[in-house]
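Below sits a lone chain in structure tokens, taken as the form predicted alone.
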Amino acid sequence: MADQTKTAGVSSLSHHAVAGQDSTLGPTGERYFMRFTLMQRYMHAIMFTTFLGLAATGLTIRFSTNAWAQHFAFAIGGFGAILFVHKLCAVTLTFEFLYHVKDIAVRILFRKEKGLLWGPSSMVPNLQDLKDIIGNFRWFFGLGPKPEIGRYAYWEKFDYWAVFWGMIIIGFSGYVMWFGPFFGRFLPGWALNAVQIVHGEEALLAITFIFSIHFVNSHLRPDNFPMDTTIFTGAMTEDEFKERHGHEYQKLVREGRLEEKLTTRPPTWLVNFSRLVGFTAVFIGLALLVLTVSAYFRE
């Protein structure tokens, strides 16, 4: 899918645009470069949709004695309906996670893409990430220049592994609770009680992290505010590429491969739709964060 998307993006380039209009250029003449493939954008859409569903329903169950939770459950159709939606979102997200793991395994074991494990295109933390962290702290306090970030920033890797870890811990504990009689055949009672605590506390941690740290890093930072639509459109301008991933940009320039990343300008409807979806998700997430914090400290 990634190769097909890249080929489509590059093949659409034309140096002979009709009437001086080039679909690869923005209103001010900026070029666009591919950041995420169509499949990656689809998977992100499924992930954030199901996560919002899990958060909304899970918090309603967790804080079921709160007035807002009872009103929300009544509007959906009762706590039975809330639990059904929670399980539906969980199963959907589980299938996506398994597909992602399968895709990684195939690319590493059969396609021999060793760069997924180590290198500039890997999500695995390395020594350069530590240097970027130190460099960023120095830049924060005016002690040095802003570090040039590669394909993935250290905070993006942290986001990725936080979700990966959460899928394993929260997902497994959730299925143990769901199929309690089965797991109760070989797990002691204290383990089942511990699983319930782990599921609830890890879920609260994940919700707090995503709706605060992740949202700030992705959308509310000064250079992204008020909305970074790259994950929805798949493309970023050349200025954004230089600013956010300068190390990768310079590397592609040196290797003469920058043109391979060129893609078409996202259509206006897609940009507007991306902003609508993004703002809606941020609003829901921040509202759930406020409800979570207020309900937690009332207990």
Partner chain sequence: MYPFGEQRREWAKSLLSSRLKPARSLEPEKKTAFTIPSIIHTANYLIGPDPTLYLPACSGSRSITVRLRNLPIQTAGFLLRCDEQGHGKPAVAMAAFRWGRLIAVCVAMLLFSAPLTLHAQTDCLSCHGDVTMQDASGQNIGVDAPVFHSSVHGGLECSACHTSITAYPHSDRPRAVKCASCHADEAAALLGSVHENASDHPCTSCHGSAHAILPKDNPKSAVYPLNIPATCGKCHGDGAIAKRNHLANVYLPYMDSIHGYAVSQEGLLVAANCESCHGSHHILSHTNPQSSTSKTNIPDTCGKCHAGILTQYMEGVHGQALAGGNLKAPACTDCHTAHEITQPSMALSTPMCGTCHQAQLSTYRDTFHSQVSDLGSYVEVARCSDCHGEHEILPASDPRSPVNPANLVHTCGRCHQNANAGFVKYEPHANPHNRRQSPVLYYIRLFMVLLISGVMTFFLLHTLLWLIRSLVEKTNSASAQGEK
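Residue numbers count along the first chain shown, from 1. From a predicted model like this one, the values you see are computed outputs, not experimental measurements.
Below: the form predicted in complex with the partner chain, not depicted.
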### Message
Taking any heavy atom pair closer than or equal to 4.5 Å as contact, tell me whether W155 reaches the partner chain in the predicted bound form.
### Response
yes
### Query
Are any of the heavy atoms in R265 no more than 4.5 Å from a heavy atom of the partner chain in the predicted bound form?
no
### Message
Is G78 part of the interface with the partner chain in the predicted bound form - any heavy atom within 4.5 Å?
### Response
yes
### Query
Could you tell me if N272 has a non-hydrogen atom within 4.5 Å of the partner chain in the predicted bound form?
no
## Note on the structure
Assert contact residue (the partner chain, in the predicted bound form, non-hydrogen atom within 4.5 Å, options M123, L88, M227, V198) equals V198
### Heavy atom contact within 4.5 Å of the partner chain in the predicted bound form, the stretch among 103 to 111, 123 to 131, 212 to 220, 89 to 97
212 to 220
### Message
Within 4.5 Å of the partner chain in the predicted bound form - does that hold for a heavy atom of every one of G29, F84 and I168?
### Response
no
### Query
Taking heavy atoms and a 4.5 Å limit, what residues of 247 to 262 are near the partner chain in the predicted bound form?
none
